[in-house]
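The chain that follows stands alone, in the form predicted on its own, written as structure tokens.
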């Protein structure tokens, strides 16, 4: 019989435990200092975005700014289809939204949590609510010291997520950890003109991102104005791809937004026609045909254009300013909003991990899974898919 200790009771650790416990000769323990699976409750806005409906593992891996190639083997063995099948088998029916995100039919993270906990109880997996302080590798396995006592395990899994103490534990065992940075974050910008429209969102707009006068990326997605900057899925993407760029107030990240998704010259022609056909309408109403009215009011104020100028009387100079704002609205990002990041970039160096087993290449009988690794995905179910897949791979390796 093998005693298996899993440090971390999040999605990855629980997944690992469920599959490791399928071997009746394994005695599985989960160690977590707080409530098991508590981190799953806020995911997907409380609805639990389980996965993303992409069945080609190489295409799915493209949604991970870090870890793409490493995930090929993993996602080919436990794919989106496997995730859906697993949850259906434990009583969680799923559906696919128009944007291809996959949710439980109940739209409830609580249902997902309860279904997983039921599996833990059925397989007699022991829950130890203890904070791991120290790990010592011995010829027989691992001696683990916690705030409540001492345990010995034959095999050990570290699955503490992106913010736990697992990185320091990994370092103490000889592993390298890539620098941790916030990812999937909102951004604080130099521009404060749009604070009054905090909460206004725009659907599927394009952004071009520049740093040090070089183009970094062109991305698209939904966008949100905040009281001190910008947010939403599009900005989360930007923050993830730019997680390791050292932008600040002296060297900001330049983000150019196309609010109307049209070429500036084409839009200029379209707006010119609209100004003619709506000559007697206030300019505010005409611009509101393209963006929300409150936002249109801020754009006009920013350019010192009176709201009640008749569209037919708008000068060419003012028209060009409106076109520029709607096709290339520029923000200078100074920093991420600390503490609000959804995931952490960085983690245990993937070169030191065997993707076929999630086992350490430098410490025998040691495994890792989930966000503790140097893997992070965009929003849309990708980070949970990482947890399900790496949890399965490590659990399967421990089962054999």
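Residue numbers count along the first chain shown, from 1. Keep in mind that this is a model prediction, so the values were computed, not measured.
Note that the form predicted in complex with a small molecule isn't included here; everything after this is about it.
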Just one of 327-335, 359-367, 345-353, 30-38 has residues with a heavy atom within 4.5 Å of the small molecule in the predicted bound form, so point it out.
30-38
Work out which of 288, 196, 131, 88 lies within 4.5 Å of the small molecule in the predicted bound form, going by heavy atoms.
131
Note which of 306, 165, 264, 208 lies within 4.5 Å of the small molecule in the predicted bound form, where distance is taken over heavy atoms; exactly one does.
165
Is residue 160 close to the small molecule in the predicted bound form, meaning a heavy atom pair under 4.5 Å apart or at it?
yes
Is residue 26 close enough to touch the small molecule in the predicted bound form, meaning at least one heavy atom pair within 4.5 Å?
no
Does residue 169 reach the small molecule in the predicted bound form if we count a contact as any heavy atom within 4.5 Å?
yes
Even though the small molecule is not shown here, does residue 382 get within 4.5 Å of it in the predicted bound form, heavy atoms only?
yes
